[in-house]
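First, one chain by itself: the form predicted alone, in structure tokens.
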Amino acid sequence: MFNKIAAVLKRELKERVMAKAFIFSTLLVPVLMFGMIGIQAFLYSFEGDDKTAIEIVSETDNMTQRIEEEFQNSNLVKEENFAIIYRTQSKESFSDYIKSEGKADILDDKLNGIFYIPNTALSDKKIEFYSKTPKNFSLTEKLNKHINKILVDEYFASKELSDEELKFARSGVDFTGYKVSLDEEIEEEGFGNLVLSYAFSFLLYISLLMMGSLTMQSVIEEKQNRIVEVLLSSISAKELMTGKILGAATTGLIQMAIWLSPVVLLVSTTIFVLPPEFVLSITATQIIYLLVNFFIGLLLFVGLFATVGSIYENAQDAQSGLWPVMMLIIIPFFISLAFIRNPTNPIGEIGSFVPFASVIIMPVKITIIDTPLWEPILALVLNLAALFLIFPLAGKIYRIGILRTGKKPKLSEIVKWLKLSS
């Protein structure tokens, strides 16, 4: 039995690891991850070549003069493609203006928007913005700090504060985090592990989906081409399924090890020196745990993907039965992102122990929180228990479904397969 499984495993590894697709995806996924961040930053910063024309209206000449002085000295006017018109109007006069001339200028694209700063803004900081696109956050964020500076200066002008006091009043709060743990001294916490937790979350999510989908597609192709019938003439369906799952899981493990190799280099050598705010705090034990956890997760998910592939005749039909398996990956992924943002999130805390979900959530947890050793070990044990409970059921479905042809089976038929003896 083990020789036959080993033969299938060898065949799967040869087809997968030596394939161009494996090499391409191994190199491409990290590039895509950082590329997506770069593209997103580029799209957020890209404003186009058209000039942005706005009008800023206030109720008093003094406020209008302050606004003009502030923006004339800003980079918006000096470096960016901004044109600003300054106007003084009372509330009543502006109400008539925005309904006639102002509205016409906006609709004719002469102006991108009109900002009205009433006197009441000195107490509540509420600014009116009139535009075709009043939720233009890119525009309002650019003006926010300048208008806020003007309002703060005007508010404190009568209080005889010095420039330093005004500067302090305008500044925000800067939080410096210090990590408190049992084994180490209290020290400042940088952003290295936070970035690493996001990377782990995305890599686990992408790899589980990718390896699972490839395995499902492979099962469907072998079923369509009748190759499986030739294979089953010399080995059992259980041996074939076990070999395919181990082959896919081993391939995924190799790929993940390659992706994590830069992290291992950063924490194990002094060749590469990171800025203090990006120093990584992760141990070899945590890296090993991540790989072991990932391998068990692959066995779980690849087994489910292979089972779904054995049921259906083509990938299109398989999508109808695939969504529950997809949800087992997608939902934990979003929980992990929420957990990174708030490590006290109770859903993330519970999810770190739930089989399937803990495959993604627990690695994130141990990266950003000092976690007792029993917690990741318990998560591994629960996932192994789920594996041993589900694998025999998946094997029954695979054994019957892989040789079945014809119309797409109903759920009731699949349940009947589970009742058949193996």
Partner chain sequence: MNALEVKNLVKYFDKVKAVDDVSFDVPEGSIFGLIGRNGAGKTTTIRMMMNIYTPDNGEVILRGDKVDGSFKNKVGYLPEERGLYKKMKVLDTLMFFAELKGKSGRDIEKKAKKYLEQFDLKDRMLSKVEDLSKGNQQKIQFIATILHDPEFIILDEPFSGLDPINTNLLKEIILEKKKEGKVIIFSTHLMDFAEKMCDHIAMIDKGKIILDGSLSQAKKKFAQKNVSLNYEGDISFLNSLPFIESINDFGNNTQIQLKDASYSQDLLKALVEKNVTVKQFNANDISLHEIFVQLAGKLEGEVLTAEVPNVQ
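From a predicted model like this one, the values you see are computed outputs, not experimental measurements. Positions refer to the first chain, counted from 1.
As for the form predicted in complex with its partner chain, it is not shown, yet the points below apply to it.
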- request: Would you kindly say which of Thr120, Thr133, Asn225, Ser93 lies with a heavy atom within 4.5 Å of its partner chain in the predicted complex?
  value: Asn225
message: Can you work out which of Ser171, Thr344, Ser100, Ser233 has a heavy atom no more than 4.5 Å from its partner chain in the predicted complex?
response: Ser233
- line: Answer among 201 to 209, 83 to 91, 288 to 296, 233 to 241 for heavy atoms within 4.5 Å of its partner chain in the predicted complex: the stretch 233 to 241
task: Please check if Glu221 has a heavy atom lying within 4.5 Å of any heavy atom of its partner chain in the predicted complex.
output: yes
message: I'd like to know whether Lys14 contacts its partner chain in the predicted complex, with contact meaning heavy atoms within 4.5 angstroms.
response: yes
query: Is Ala7 a contact residue for its partner chain in the predicted complex, using a 4.5 Å heavy atom cut-off?
result: yes
task: Consider Asp109 of the chain shown here, and say whether it contacts its partner chain in the predicted complex, taking contact as heavy atoms within 4.5 Å.
output: no
message: Whether Glu229, Arg399 and Leu403 jointly form a contact site for its partner chain in the predicted complex is the question; each needs a heavy atom within 4.5 Å.
response: yes
